[in-house]
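Okay, so here's just one chain, in structure tokens, the form predicted on its own.
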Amino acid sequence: MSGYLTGVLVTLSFNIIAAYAVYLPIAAGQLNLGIAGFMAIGAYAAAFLTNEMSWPIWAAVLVSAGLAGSVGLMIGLPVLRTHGIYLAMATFALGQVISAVFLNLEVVGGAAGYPVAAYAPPNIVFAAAAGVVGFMLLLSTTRFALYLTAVKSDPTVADLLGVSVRGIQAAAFTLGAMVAGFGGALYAHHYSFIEAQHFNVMLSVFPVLYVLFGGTQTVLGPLVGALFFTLAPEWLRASAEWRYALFALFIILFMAARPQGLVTMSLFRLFGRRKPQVTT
């Protein structure tokens, strides 16, 4: 595999992980714009554990993902009292605060950045992304996925039916933070260097675009969205300086024509009706 192709696939893998970190809160009707902050927690915590305490990468990554999830739970409970644009603003501010903390934390390099000694090769990154997709597919078959749909569709009715709306929303927010921390920890060990400036607002916004473009109705939407946003600019590379303009124009036209996203439940039902009938 060429270095260029490997680099594209590594980028795709991290984009897929970030997309699912955003998808989980969205599946519960919550927009989390602080994903970059939780990725920073995972990245810096894992790097510190492998650098300063000589932990193996796999242990540092798992513990850092759990730490990001714990922070998400502690912060999510009060933050989730807000809704809509106010929740988006609160999580946006949260992500910026977390990044600012690491920017001024000298024990992990501060503004100069933090080199990471241990290295995670591309195959580990590919396997991790595949594992996240597999986990999400498995999660979509559980009762928890039904609760997410109920809470997103009508939280009042879900509450009347005995579903803990706050609990489901907090669980989705926490799982999203864990996935983000997991991705951040792998990012640190693959690129062998981290700096707080990387975990900026755009790192939170782009995964939201992946999810919205792919569709929020099915678990495959974030995967399709991440694939498109990662690979389409590469396919348009031949058009040189016009490729980003063409790409942006296509996105505008597509979202105007199909605001529900590319992968929807109606699309699955359409393909289901086209399956050949087996007669005996």
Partner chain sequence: MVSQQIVNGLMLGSIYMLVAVAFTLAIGVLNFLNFSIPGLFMVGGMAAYGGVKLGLHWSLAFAGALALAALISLAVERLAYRPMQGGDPEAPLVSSLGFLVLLENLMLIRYGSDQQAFPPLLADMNLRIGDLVIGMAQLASLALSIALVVWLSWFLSATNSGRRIRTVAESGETAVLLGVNMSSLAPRLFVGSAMLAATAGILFAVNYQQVSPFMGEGVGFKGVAAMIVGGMGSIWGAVLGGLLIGMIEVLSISVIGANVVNITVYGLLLLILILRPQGLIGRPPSREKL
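Positions refer to the first chain, counted from 1. Only a predicted model underlies this, so the values are computations on that prediction, with no experimental measurement involved.
From this point on, the text means the form predicted in complex with the partner chain, which you will not see here.
*Asks:* Looking at the partner-bound form in the model of the complex, is residue 51 within 4.5 Å of the partner chain by any heavy atom?
*Replies:* Residue 51: no, not in contact with the partner chain in the model of the complex.
*Asks:* With a cut-off of 4.5 Å between heavy atoms, is residue 78 one of the residues that contacts the partner chain in the model of the complex?
*Replies:* Answer yes; at least one heavy atom of residue 78 falls within 4.5 Å of the partner chain in the model of the complex.
*Asks:* Using 4.5 Å between non-hydrogen atoms, is residue 156 touching the partner chain in the model of the complex?
*Replies:* Residue 156: contacts the partner chain in the model of the complex.
*Asks:* Give a yes or no for residue 104: in the model of the complex, does one of its heavy atoms lie within 4.5 Å of a heavy atom belonging to the partner chain?
*Replies:* Yes.
*Asks:* Based on heavy atom distances of at most 4.5 Å to the partner chain in the model of the complex, which listed stretch, 206-214, 126-134, 177-185, 113-121, is the contact stretch?
*Replies:* Residues of 206-214 come within 4.5 Å of the partner.
*Asks:* Each of 10, 59 and 62 near the partner chain in the model of the complex, meaning some heavy atom within 4.5 Å?
*Replies:* No.
*Asks:* Can you name the residues of 134-154 that have a heavy atom within 4.5 Å of the partner chain in the model of the complex?
*Replies:* Heavy-atom contacts to the partner chain in the model of the complex: only 152.
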